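Quick heads-up: it's one chain on its own, the form predicted alone, in structure tokens.
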Amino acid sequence: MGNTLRSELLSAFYGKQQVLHRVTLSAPEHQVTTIIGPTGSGKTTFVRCLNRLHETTPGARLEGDVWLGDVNLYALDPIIVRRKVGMVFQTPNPFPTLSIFENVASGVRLNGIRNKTVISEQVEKSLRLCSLWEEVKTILHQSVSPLTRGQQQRLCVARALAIEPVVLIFDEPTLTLDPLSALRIEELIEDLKRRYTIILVTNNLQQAARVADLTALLLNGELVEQGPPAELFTRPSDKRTEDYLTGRFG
């Protein structure tokens, strides 16, 4: 199974409210798995369960399991899980008081690395993986504020990569970006899947069709259908999927 990430009968709750219902889904390594569905369908809650963020919300709880290969992530320390399963959020969130360099170096130091040469090498490697090195190499020790929103989002990806995860989750990473910056993120995701297991939450069906190897539809906290996008988008097996894709709801 390698670095395939999968949930088994995953249910999530906020207090008495159940928001996920026994979701079983596999995200294969070196592929992009997209999660689609209308607002409020449980997409963000689902991915927050995958890297143990859900439990940080007061009153939140979970039933079921999440496996990375043959390792149950709920048998590990949550901090270890969040290093293995990195996450990039909707809105770029670089650390505003840190320089570009230190934003990425902070991730390297989380792995216990203190050697300045090694840190510098890891920072450059992460920035190059995000096609950002050439754009920032002369301003590494300056504030992140001059960066465009698209550059800031790629910087957040570089920070996530610096922790050396094996899975990367993108929760609507292009929602606040202009079309050109969004395209850069899509190209980056396509490139990164050669190294990582990728999960992408998106409300953009065209984006899902462009970048996905596998697409899953969540509706009211239930997994309705999953499969290759060429099949799911053109020959859905569930009428609810067809209704969603044709705009009858959501």
Partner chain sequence: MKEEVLLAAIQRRKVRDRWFTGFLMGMGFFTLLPLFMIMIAVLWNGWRQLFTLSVALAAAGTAEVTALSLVVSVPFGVGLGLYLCDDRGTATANVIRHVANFLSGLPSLLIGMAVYEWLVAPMESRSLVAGSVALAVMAVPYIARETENKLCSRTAWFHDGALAIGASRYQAWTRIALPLLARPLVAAILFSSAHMLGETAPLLFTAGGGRSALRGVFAPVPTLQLRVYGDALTARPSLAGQVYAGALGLTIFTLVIFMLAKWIEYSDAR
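Numbering follows the first chain given and starts at 1. Quantities reported herein were computed from a predicted structural model and do not represent experimental measurements.
As for the form predicted in complex with the partner chain, it is not shown, yet the points below apply to it.
Within 4.5 Å of some heavy atom of the partner chain in the model of the complex lies at least one heavy atom of residue 163. Mapping the unseen interface onto this chain, residue 110 counts among the residues with a heavy atom inside 4.5 Å of the partner chain in the model of the complex. In the model of the complex, residue 96 approaches the partner chain with a heavy atom inside 4.5 Å.
Contact between residue 91 and the partner chain in the model of the complex is found at the 4.5 Å heavy atom cutoff. Contact with the partner chain in the model of the complex holds for all three of 48, 58 and 79, each having a heavy atom within 4.5 Å.
Proximity to the partner chain in the model of the complex, taken as heavy atoms within 4.5 Å, picks out 152-160 from the listed stretches 152-160, 119-127, 132-140, 67-75.
None of 214, 205, 219, 53 but one reaches within 4.5 angstroms of the partner chain in the model of the complex through a heavy atom, and that residue is 53.
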